[in-house]
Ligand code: NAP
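Listed next as structure tokens is one chain, alone, in the form predicted alone.
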């Protein structure tokens, strides 16, 4: 399907792409670039890439598919570095969870003879590094593509086929719509998790120790989310601020309603909300996204 696949950034997502591409023979050759020589060495030792370099231009030379798997804040510098080495007709994509910012960072630096098709596989764990990836990460998960208005149809079809081969369900939408959807489904939950765990970290030593020792399922799940890559999530919030602030405003309003219901003893309002949210959870289970 792909002759030379170049992966920029060989962390959790990048190494998972390499693994599934290797396992399902989605690419004849797989190369990676990472600013960490240790990550390059590890990826080679794991056998998930054929070549590795700390220079992204080396990795993309001759590649027909390039996937950028680094924090969004690095995109501009990476685009500048790889632009002269990109082959005519190459597809350049990414895995970031903010698509408008990805387009703004990449498009100005890429040559006219390549196809920019931003993407976002909605999958992941809180772990990082080449050893954290696994080939089944994308099985049954959604990969959202946000093609530009003038995107080449054949290039889009090739990228869709690649992600379908990796086990993903495919969806396409505008970058703006993607960012509003992900603000509520991903970005806001991470912000809440970081805040709650941060509150626990600020407690006096005795109480903090007990919170950790007696962590129930709810707090434990928050710590899992809050254990995600801090650089990646810093960049997400800085680059999707408008959509996140909109959803955060809605959350503040809803919390105020719950605060009042608790204060005045309005059990019916609480039960009604919990009933509606329970239905959402059942919908997530039914969609096999749990």
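Not measured: the values here are computed from a predicted model. Residue numbers count along the first chain shown, from 1.
What follows is about the form predicted together with the ligand, which we do not show.
- Annotation: in the predicted complex, residues 75, 97 and 123 each come within 4.5 Å of the ligand through at least one heavy atom.
- Looking at residue 69, you'd find a heavy atom of it within 4.5 angstroms of the ligand in the predicted complex.
- Although the partner is absent here, residue 232 sits close enough that one of its heavy atoms falls within 4.5 Å of the ligand in the predicted complex.
- Although the partner is absent from this view, residue 167 stays clear of the ligand in the predicted complex, with no non-hydrogen atom inside 4.5 angstroms.
- Using a 4.5 angstroms threshold between heavy atoms, residue 18 stays clear of the ligand in the predicted complex.
- Considering the ligand in the predicted complex, the lone stretch of 34-42, 58-66, 237-245, 260-268 in range is 34-42 [heavy atom distance within 4.5 Å].
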